[in-house]
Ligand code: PXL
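Just the one chain here, laid out as structure tokens, in the form predicted on its own.
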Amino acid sequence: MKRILTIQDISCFGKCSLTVALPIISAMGVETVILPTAVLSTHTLFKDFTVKDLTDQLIPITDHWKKEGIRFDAIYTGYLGSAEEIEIAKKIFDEFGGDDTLIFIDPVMADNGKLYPAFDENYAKLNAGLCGAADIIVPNITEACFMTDTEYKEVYDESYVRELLGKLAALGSKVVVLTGVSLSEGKTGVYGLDTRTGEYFIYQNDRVDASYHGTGDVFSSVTVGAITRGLSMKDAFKLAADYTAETIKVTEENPENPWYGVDFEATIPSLVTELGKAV
């Protein structure tokens, strides 16, 4: 069985980060090892949430893994809460990575033209450095702009997207993929560049007119799980985009209105079915 290490926080309530990554990747038939960077009572859209930082535990945990000879087929990072955690992630890549280990980075730090409140532009630059060590990065347009000193635009064309991909490629990762790219009315999806071949690829599906916390974590978790199971990058991104859209639609139909996160639990069976058709 393949094994993925995912490094991000735990929001005990709210359906994001590790509480999304662990069940989704596990359901896809991949052993999922977690390295929690912090424990939050809820995610940050709630008021008065509690936080316990776990930065001081990351090195002792990974040192123990080294003694046990534990290895990973992929390492997947999500929300990293500080510059120190970025440096520790680099160290983990060095110690547990290799030619046979996929490094997959979702540089979670911004959206809708703005950095999240805990971060500044220096943090964005540190994240850019981290992305240089990756095989695949999946920033949204806002995150890509902050990492490359590019003006953020809500309205853009394909030439803008390709320019942004070129700047991301210069950071050093092998495959750069922009998420949330909309090039026509009612459509959204991904636009990527494989720097090894110079090939661009795009996948667009119908935009769902709703926004929920944690959908980026759902998308990234499905993508890295699918690639680890042997799907091509293009097929993995298609599966992830379609599954995320389906999950948003199902959540919209829930009369209980779970505004804090998506009902991915209800759609995992269809994910497993579609994955089974592809592998």
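All of these numbers come straight from a predicted model, not from anything done at the bench. Don't overthink the numbering: it's just position in the shown sequence, from 1.
Keep in mind the form predicted together with the ligand is missing from the figure; the text below concerns it.
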| item | value |
| --- | --- |
| Sole residue of Ile34, Leu58, Ala27, Leu40 within 4.5 Å of the ligand in the predicted complex, by heavy atom | Leu40 |
| Sole residue of Tyr79, Phe72, Phe146, Phe104 within 4.5 Å of the ligand in the predicted complex, by heavy atom | Tyr79 |
| Residue contact check: Val108 to the ligand in the predicted complex, 4.5 Å heavy atom | yes |
| Thr62, heavy atom within 4.5 angstroms of the ligand in the predicted complex | no |
| Non-hydrogen atom contact Tyr152 with the ligand in the predicted complex at 4.5 angstroms | no |
| 4.5 angstroms heavy atom contact with the ligand in the predicted complex for Thr19 | no |
| Interface segment, criterion being heavy atoms within 4.5 Å of the ligand in the predicted complex, picked from 42-50, 234-242, 220-228, 250-258 | 42-50 |
| Residues of 192-222 having any heavy atom within 4.5 Å of the ligand in the predicted complex, listed in sequence order | His213, Gly214, Asp217 |
